[in-house]
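Quick heads-up: it's one chain on its own, the form predicted on its own, in structure tokens.
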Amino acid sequence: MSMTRRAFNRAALNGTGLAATSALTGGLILPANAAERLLVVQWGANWIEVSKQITADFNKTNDTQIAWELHSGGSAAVIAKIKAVWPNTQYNVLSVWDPVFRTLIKEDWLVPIDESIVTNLATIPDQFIQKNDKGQKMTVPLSTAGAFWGYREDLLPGGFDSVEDLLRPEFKGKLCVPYPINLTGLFIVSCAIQRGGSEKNAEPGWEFIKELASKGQIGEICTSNSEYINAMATGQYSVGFWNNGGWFATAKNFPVKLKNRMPDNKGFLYNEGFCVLKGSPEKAAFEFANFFAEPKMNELYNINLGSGPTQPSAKTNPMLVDWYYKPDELAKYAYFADFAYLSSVMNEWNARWEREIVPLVRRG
């Protein structure tokens, strides 16, 4: 006998069947008489810790019961899990970032946000919100994250004013950069912008990267946050292009300066937040998302993540006060890449990197 999505969800969250495992409920057996139940997918570590803290406050005034599943192998992995069983997935609310949002929207799996319930969406900058082809708002952004150029001030007291400066002899072997697949190709986009291009006109970026590589400026190519953090800790590399998480970890141990307000380049912003899958108890899901988007909760959520809040009135971690932008700075300094396009060219860019850039780095 087949089971409907709602029946599966209730059975699972009551501790009978698949979701009785600790992977879904953390060992929590939820009460059978709960008004509504949501299964929320979230990252581990600091994300799940603060989410449980906020949920405890949420449950002081709302009896919706929340169970959690943690992302495994990156947030994009949840797409395959959903596709395999759609429309009978047990998930209700997903915490993911912009490239994954774009895929979910393309698959038409999401419910448009009901702004009569998610009232806190009104004060979040419109640039942060992902929309479908009809212009409907599909996400509730909770964190602003980004990829930026920067350097260790203790190793490079004079800094640099432009990415063009990194071609100078004193930067030989000092750059730490990502493979294209990391940061969804934003390093290549940054180099393209430096020479008048963009993600859809990336050739100027490839030419600039070839210059850097042939001169021996690229000292390390990293494939993960841990590799980047470890590389920047060695003292061998003074300049990097990486995400806020890697910079945040580095800044805990060394003085760091982000170059996110250069006149001839940009800081690359993207957002992490909630979306609601079709077939979910929508009112409960939207109330849950709205609570996280309230300014005080938004501040609490981000303070230890190395991310910026999406609510303009929420305070940013003092360590990050200059990392992100005020609403009136977004047009001048921030860049919101077309992640749908970048995803479509990623395999091609990875192959080209191996073919054209890696040999130059080895020779340099």
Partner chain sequence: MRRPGLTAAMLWPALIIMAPLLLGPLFALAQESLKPYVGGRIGGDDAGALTLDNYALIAAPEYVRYFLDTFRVGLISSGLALALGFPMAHFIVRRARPATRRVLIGGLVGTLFLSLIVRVYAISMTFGPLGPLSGFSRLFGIRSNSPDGAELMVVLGLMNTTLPLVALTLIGTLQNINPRLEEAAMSLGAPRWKTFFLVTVAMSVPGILSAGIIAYAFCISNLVVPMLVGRGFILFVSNLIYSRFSDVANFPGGAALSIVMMVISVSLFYGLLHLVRSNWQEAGK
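Positions refer to the first chain, counted from 1. Worth saying up front: this structure is predicted, and the values here are computed from it rather than measured.
The protein also exists as the form predicted together with its partner chain; that form is not presented, and the subsequent description refers to it.
Looking at the partner-bound form in the predicted complex, is I218 within 4.5 Å of its partner chain by any heavy atom?
It does: once its partner chain is placed as it appears in the predicted complex, I218 has a heavy atom within 4.5 Å of it.
Is Y179 close enough to touch its partner chain in the predicted complex, meaning at least one heavy atom pair within 4.5 Å?
Yes, Y179 sits close enough to its partner chain in the predicted complex that at least one of its heavy atoms falls within 4.5 Å.
If we define contact as a non-hydrogen atom of the residue within 4.5 angstroms of the partner, is T103 a contact of its partner chain in the predicted complex?
Because a heavy atom of T103 falls inside 4.5 Å of its partner chain in the predicted complex, the answer is yes.
If we define contact as a non-hydrogen atom of the residue within 4.5 angstroms of the partner, is I79 a contact of its partner chain in the predicted complex?
Close contact exists here: in the predicted complex, I79 approaches its partner chain to within 4.5 Å, heavy atoms only.
Spot the stretch among 260-268, 233-241, 134-142, 86-94 with residues whose non-hydrogen atoms come within 4.5 Å of its partner chain in the predicted complex.
Single hit among the candidates: 233-241.
Check for me: heavy atom within 4.5 Å of its partner chain in the predicted complex, for each of N290, L300 and P318, yes or no.
No: no residue has a heavy atom within 4.5 Å of the partner.
From first to last in sequence, which residues of 317-352 have any non-hydrogen atom within 4.5 angstroms of its partner chain in the predicted complex?
Counting only heavy atoms within 4.5 Å of its partner chain in the predicted complex, the contacting residues of 317-352 are S343, S344, M346, N347, N350, A351.
Given a CA distance change of at least 3 Å, are P327 and I105 closer or farther in the predicted complex?
Those two alpha carbons end up farther apart in the predicted complex.
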